[in-house]
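Take a look at this single chain in structure tokens; it is the form predicted alone.
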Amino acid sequence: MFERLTSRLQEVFRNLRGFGTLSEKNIQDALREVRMALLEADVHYATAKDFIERVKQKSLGAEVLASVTPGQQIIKAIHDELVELLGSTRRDFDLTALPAGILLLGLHGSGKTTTAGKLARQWKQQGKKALLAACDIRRPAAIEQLETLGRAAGVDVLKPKPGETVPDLGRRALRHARQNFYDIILYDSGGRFQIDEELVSELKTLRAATEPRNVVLVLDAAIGQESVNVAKTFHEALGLTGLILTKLDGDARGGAALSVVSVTGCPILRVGIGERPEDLETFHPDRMAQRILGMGDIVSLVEKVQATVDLEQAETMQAKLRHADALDLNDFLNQLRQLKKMGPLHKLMDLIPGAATLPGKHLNQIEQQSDQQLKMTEAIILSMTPRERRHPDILNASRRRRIAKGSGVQVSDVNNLIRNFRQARNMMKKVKKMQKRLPLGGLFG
């Protein structure tokens, strides 16, 4: 996400860092480039204009600190204004009342039903009891889709009865949630390809029947500036309390995220960055601003590692690392699968400082090669017998030919894998020996 905007801003920043002193003309030239970058990223023109004016006032009126260059001072002003533009501080759902009602709104194709399933899954993992109410009674297969998502998330789904209206279903779902002590109830409402009076009337009656504290619009970020108009119309008609932006992974511009908050005044609560159940992230304005500016997001990277790493496997691996000879190809395979759980390489690169400066073509090439290598390595190891994985030293020439044939690769690929594994194991032995030679080395063993 934001690849185009990040790339353009990086060019501006490189020029800014070259200035020893800044004049009003230098500032205006730089901000003109920033404004063009925002507009090209599909940021609403009024939002871009106000943003540039605020950065200009901060830059011209600020005293340059001795410890930073004038260019760095402007970059900081841009960063601070980006954070403000994105909502200043992290906001979340209001879950204080039980059951906490969440009415999800959105047009067809915005990912509303999928988002309902992802949210239910998140709260289920946090130990909360969630209920999905299938209030989209017009779209074909909407109820079946929600049931499938509910089963995958391990949460209950309440379906409409024959002839039941949407408000009646909402009231019944609320009663059911109260009687069965649910923590959260998600109303997956109906949508249209565009907003009309019938849709607004239906949603108003559903809201009146259920009185949810959270009225959240699920918005397709890939539709660009039109998303701003959709958000504004929904907000004026129903009074939104928050936004969820989906499909940010499919939009290299990302301007919708920079526009909807300022236009509607509603906070972004979550962002969808992929199709996997776990690809729904809590929105942090400061972290998103850092990503846009190419500064990475180490905190989110650490959280992603913590969420995907199996603690029991990690402890087992740590114990084996104390005895390098105990490492086998099963460990190698487990580490490979842990890495795959973290998601595509390009999403991880977004979180690493400086990675945004890599050319998109080069990054895509790296990702493609890495994915191919990971798949090939997994195929080779899975073509081995359990005994061969535990004891790689028994892999003679005939075994390697059989493994190569079974995994659809060349014998040389199998040889490379074994060589890389042995090098890694030998490296661990050397590290162990170095620790013992160091003072107090035994304390770290």
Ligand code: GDP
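Counting begins at 1, following the sequence as shown. Values in this document were obtained by computation on a predicted structure and should not be read as measured data.
Keep in mind that the form predicted in complex with this ligand is missing from the display, and what follows is about it.
Colleague: Would you kindly say which of Pro267, Pro160, Gly274, Pro285 lies with a heavy atom within 4.5 Å of this ligand in the model of the complex?
Modeller: Partner contact (heavy atom, 4.5 Å) among the options: Gly274.
Colleague: Among the candidate residues Gln290, Gln225, Thr241, Gln145, which is the single one with a non-hydrogen atom no more than 4.5 Å from this ligand in the model of the complex?
Modeller: Among Gln290, Gln225, Thr241, Gln145, a heavy atom within 4.5 Å of this ligand in the model of the complex occurs only for Gln145.
Colleague: Mark Gly111 yes when one of its heavy atoms lies within 4.5 Å of a heavy atom of this ligand in the model of the complex, and no otherwise.
Modeller: Gly111: yes, in contact with this ligand in the model of the complex.
Colleague: Does the 4.5 Å heavy atom contact test between Leu107 and this ligand in the model of the complex come out positive?
Modeller: Yes, Leu107 lies within 4.5 Å of this ligand in the model of the complex.
Colleague: Hey, in the model of the complex, is Arg151 touching this ligand, heavy atoms inside 4.5 Å?
Modeller: It does not: once this ligand is placed as it appears in the model of the complex, Arg151 has no heavy atom within 4.5 Å of it.
Colleague: Given that the partner is absent here, does Ser259 sit within 4.5 Å of this ligand in the model of the complex, heavy atoms only?
Modeller: No, Ser259 stays farther than 4.5 Å from this ligand in the model of the complex.
Colleague: Only one of 175-183, 73-81, 86-94, 137-145 gets a heavy atom within 4.5 Å of this ligand in the model of the complex; which is it?
Modeller: Result of the contact check: 137-145.
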